[in-house]
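Before any questions on binding or motion, here is one chain by itself as structure tokens, the form predicted on its own.
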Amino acid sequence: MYTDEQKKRASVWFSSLQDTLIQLLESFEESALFARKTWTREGGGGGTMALLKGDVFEKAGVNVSTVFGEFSKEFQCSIPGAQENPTFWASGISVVVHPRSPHIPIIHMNTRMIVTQKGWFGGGIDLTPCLPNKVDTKEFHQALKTTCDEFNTTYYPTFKAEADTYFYLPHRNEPRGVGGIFYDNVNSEDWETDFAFTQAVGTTFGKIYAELVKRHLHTPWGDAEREIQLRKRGRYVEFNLIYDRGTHFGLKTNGNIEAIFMSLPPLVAWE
């Protein structure tokens, strides 16, 4: 079982990562800033959601939360360690960026620590380009592989396969994007190492995405590219509402509705 000190360290770090990523994304804007809003959860805990509506990023959200309480009976059977005792504690960060330019890819990242009668880390990063770019995809995956390999050489192939399976729309028979890494139930019985890996994932997110934004920041685009982008965003909405586990977790634990649906883009089109 994870200790109270470990819970505190994790929640503090997720909050510090929120500050770091807010500063990073704001650095690309002329004047737009994130608006922060704190919330409390009936039943225990709360968080801070931060939303940006800018010229570079049409909508970007960087949310952190630390919540605790009891899972509902209908939900506890699907959570490790909650079958006999429904109490839980969870802390994490969730980031989704919807750029204005169709050449800058949509990106999502979340990392979290969950404690029931068991404890584990989960999270991942995935990239959803509207106009796929082979160089971007290669460099993105290489950055993830490098990060994973520093901890365990089995992580990248395992977590990449998990992402390819998870970020898929069965009803469309197509992937949401170009994948990334997705992991859950990570507990090597060495909390420090598992926590360091989760921190590294968050740090890698900022580094690789900053490079992609810089690369395409001034690439021209028009109505045709915008239409492709809006349709791709439609696929993003379909996945998040139908399949996303984070969305389901937030709703089943009475989370903040605004924060849960932060991932949805501001404008969307469907065929």
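The first residue of the shown sequence is 1; numbering continues from there. Each form is matched to the other, and the largest set of C-alpha atoms that superpose within 1.5 Å is called the rigid core. Note that the coordinates shown come from a computational prediction; the quantities given were computed from them, not determined experimentally.
Note that the form predicted in complex with a further copy of the same chain isn't included here; everything after this is about it.
- Only one listed stretch (170-178, 156-164, 98-106, 131-139) carries heavy atoms within 4.5 Å of a further copy of the same chain in the predicted complex, and that stretch is 170-178.
- Residue 53 is the only one of 215, 36, 41, 53 with a heavy atom lying within 4.5 Å of a further copy of the same chain in the predicted complex.
- Although the partner is absent here, residue 228 sits far enough away that none of its heavy atoms falls within 4.5 Å of a further copy of the same chain in the predicted complex.
- Using a 4.5 angstroms limit between non-hydrogen atoms, residue 237 touches a further copy of the same chain in the predicted complex.
- Under a 4.5 angstroms non-hydrogen atom cutoff, a further copy of the same chain in the predicted complex has residue 267 among its neighbouring residues.
- Although the partner is absent from this view, residue 224 stays clear of a further copy of the same chain in the predicted complex, with no non-hydrogen atom inside 4.5 angstroms.
- In the core-superposed comparison between the shown form and the other one, the C-alpha atom of residue 16 has shifted by less than 2 angstroms.
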